[in-house]
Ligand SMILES: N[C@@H](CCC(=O)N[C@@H](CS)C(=O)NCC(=O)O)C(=O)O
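So this first bit is one chain, no partners, the form predicted alone, shown in structure tokens.
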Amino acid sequence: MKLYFAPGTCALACWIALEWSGADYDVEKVDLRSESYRKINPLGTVPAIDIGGPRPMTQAGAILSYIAELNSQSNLGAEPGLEARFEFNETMNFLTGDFHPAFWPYFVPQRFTTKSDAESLAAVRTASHARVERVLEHVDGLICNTGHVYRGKRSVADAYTFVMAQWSEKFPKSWRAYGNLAPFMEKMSSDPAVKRVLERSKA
């Protein structure tokens, strides 16, 4: 199993999950704009993971759920029961469908305007602040006082949240301003597996 990643991206969440799971895996750093990577993933995005099938699989949420189910002994996925799985899927869908896209106007403002001048692009970035604050507030509520995003236990949702919440460092109101999210981020930063991944991803 090989994970394709780029530094600073949500692919690091998959890497952290692989570390937590105890899976046997390799990683490869890629240039998203290179022709060689486009042959691996025509979308030109990460993460992608080769599990020995006819093509590498993509989409962070799907990959994280696969890692959790493949290594069920690590207890990184949903708790047993229909409602517990429903809540887990809701949490993961929020992270992929709301949390992650909230940052897109900031990082790629040209996608959200027909104008290309600096003032217009800056306006798009500024408009993203309110959306990012809203999703940070929601995840802060999910964590509550449990220290985790899903049902008070470590799960792949923790890894995904940690990596993306780091992006808010660039915003006027970062993760540090939230009473539950801040200690969660600090605890995650001190996790040995997280520290290994962050260090190796910079190499």
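Position 1 is the first residue in the sequence shown; the rest follow in order. In this text the structure is predicted, and so the values were computed from the model without any measurement.
Separately, the form predicted in complex with the named molecule exists; it is not shown, and the next lines address it.
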property	result
Segment that reaches the named molecule in the predicted bound form - one of 132-140, 151-159, 173-181, 39-47, heavy atoms within 4.5 Å	39-47
Exercise: residue 66 in contact with the named molecule in the predicted bound form, heavy atom 4.5 Å	no
Close approach of residue 16 to the named molecule in the predicted bound form, 4.5 Å, heavy atom	no
Non-hydrogen atom contact residue 59 with the named molecule in the predicted bound form at 4.5 angstroms	yes
Touches the named molecule in the predicted bound form: residue 21 (any heavy atom, 4.5 Å)	no
In the predicted bound form: members of 1-17 within 4.5 Å of the named molecule, any heavy atom	9, 10
